[in-house]
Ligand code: URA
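This document starts with one chain, in the form predicted on its own, laid out as structure tokens.
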């Protein structure tokens, strides 16, 4: 698809639209080896080699970013009062139209995907697709067979909402002096504060919560908290596997 050269540069996070126009007019941009000084020149970025200051531009229409979210950040595109996950992105990953695909509570940590692909986000988040999200949770009191059964049958929340069946597995102990129970929860929907409300319905309080996977995509163990990296095509496919 033909696009303006200045729009292509700005869409890849290389510069704002006005900055891209200045860079192009200065003769620092080549298309298939030839200098192009016209910001309005229309080309097919998938079929041309574009270089900026001698560096080849690796064009991609969409971008998919894995973030290991720390506590204290909102999962929104922008907020004037509270820091957001978008502020974790380095300059080279920033581009117009990015947003978090799905949300984690402000105090919940772990896997978040940031993208500019709306169709991908809709497919991943649609309850009809049943994509399973897995969490580790630290709870104040132990659970047993009764609570595990309640989760498997679909817990009833405080407002009367009945959740889909969920998997609850005891993983051990955690917290200071291992005084609390560590469990893993798998859900296939994404209601408001759902995991916390599910535990509340069985008389437990969540003290810490971390999302560790979406579909078949696991949070990279080598990605430090607050870090981010691009996803490969294979990793994106794992979400829907």
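From a predicted model like this one, the values you see are computed outputs, not experimental measurements. Numbering follows the first chain given and starts at 1.
Separately, the form predicted together with the ligand exists; it is not shown, and the next lines address it.
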Checklist entry - Going by heavy atoms within 4.5 Å, which of 84-92, 158-166, 105-113, 138-146 lines up against the ligand in the predicted bound form? => result 105-113
Checklist entry - With the cut-off set at 4.5 Å between non-hydrogen atoms, does residue 194 touch the ligand in the predicted bound form? => result yes
Checklist entry - Applying a 4.5 Å heavy atom distance criterion, does residue 31 contact the ligand in the predicted bound form? => result no
Item to check | Interface membership of residue 209, the ligand in the predicted bound form, 4.5 Å heavy atom rule | outcome: yes
